[in-house]
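Here you get one chain, nothing else, as structure tokens; it is the form predicted alone.
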Amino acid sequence: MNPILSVARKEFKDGLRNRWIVAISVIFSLLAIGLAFFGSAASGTLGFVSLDSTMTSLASLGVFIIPLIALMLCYDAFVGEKEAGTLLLLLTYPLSKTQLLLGKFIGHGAIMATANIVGFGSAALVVSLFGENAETSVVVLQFARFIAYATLLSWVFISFAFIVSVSVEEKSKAAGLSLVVWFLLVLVFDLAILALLVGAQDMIAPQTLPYLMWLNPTDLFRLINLMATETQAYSGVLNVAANANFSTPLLVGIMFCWILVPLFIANTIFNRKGV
């Protein structure tokens, strides 16, 4: 069997044995179902309101949960193996460091993809069966899009986790740095952009503002999902892209770049470091 696929199969089996897939799937399912039927509680009503509002809310909350889970799943992918003494053993096999990294990425990526499909797919089934005025075909299409974009976002943060994991010598440092990555990209970035817009609005050309969204994969994720709904209720930092003429394939392509570039950086660091 191809060495990359062998490693990927081993990582996926570990995910099954450690109940990662089950736990993540349950979290995603409860999140989606809760938002679909109880997301309107603040307005004094309960029950399914609309699919567009559900998907918008799901994208807004998912951008916090999905990256964090991906980082926590993979932060010890290499440093954990090194501390346990198994990394050196793995590299005694006819297996290059690049093949090991790609195998781990495919395995962890498959774990996140499976969890997304099972978790959000079960929520789509519940909404189709119990949501009032929810057409099954529309629900399936909307959730299928969301699952695809959520999977891409999780792969982005797996790549970031790999950079952290190959760069440090201790799992505790890897865990801390992973939380720093999550904090900077999910929370700090948007605040920094808003502060920049307020403090330097005369120094930035208006036509360049939408491209700031390209600098953060979490904003790309929210923007892609928002473009897939009919309401397109832009809020917060996403307002800078409200009038942008971005196509979904273009934004998806940029998301793939956010996967490949960090993965290339992680591979370069891994190959240059000793075991």
Partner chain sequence: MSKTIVKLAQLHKSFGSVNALNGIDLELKEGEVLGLFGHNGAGKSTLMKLILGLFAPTQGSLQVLGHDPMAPDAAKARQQIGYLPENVSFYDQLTGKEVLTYFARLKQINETRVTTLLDEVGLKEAMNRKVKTYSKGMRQRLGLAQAMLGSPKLLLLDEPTVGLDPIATHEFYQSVDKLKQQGCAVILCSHVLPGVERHISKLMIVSKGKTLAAGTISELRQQANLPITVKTSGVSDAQFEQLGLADYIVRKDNNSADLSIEHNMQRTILDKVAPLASLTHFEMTHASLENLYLHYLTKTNSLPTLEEVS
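Just so it is clear, the structure is predicted and the values come from calculations on it, not from any experiment. Positions refer to the first chain, counted from 1.
FYI, the form predicted in complex with its partner chain isn't displayed, but the following is about it.
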query: Distance check, residue 137 to its partner chain in the predicted bound form, heavy atom within 4.5 Å; finding: no
query: Residue 93, heavy atom within 4.5 angstroms of its partner chain in the predicted bound form; finding: yes
query: Exercise: residue 85 in contact with its partner chain in the predicted bound form, heavy atom 4.5 Å; finding: yes
query: Distance check, residue 89 to its partner chain in the predicted bound form, heavy atom within 4.5 Å; finding: yes
query: Which of 20 to 28, 262 to 270, 247 to 255, 6 to 14 sits within 4.5 Å of its partner chain in the predicted bound form, heavy atom basis; finding: 6 to 14
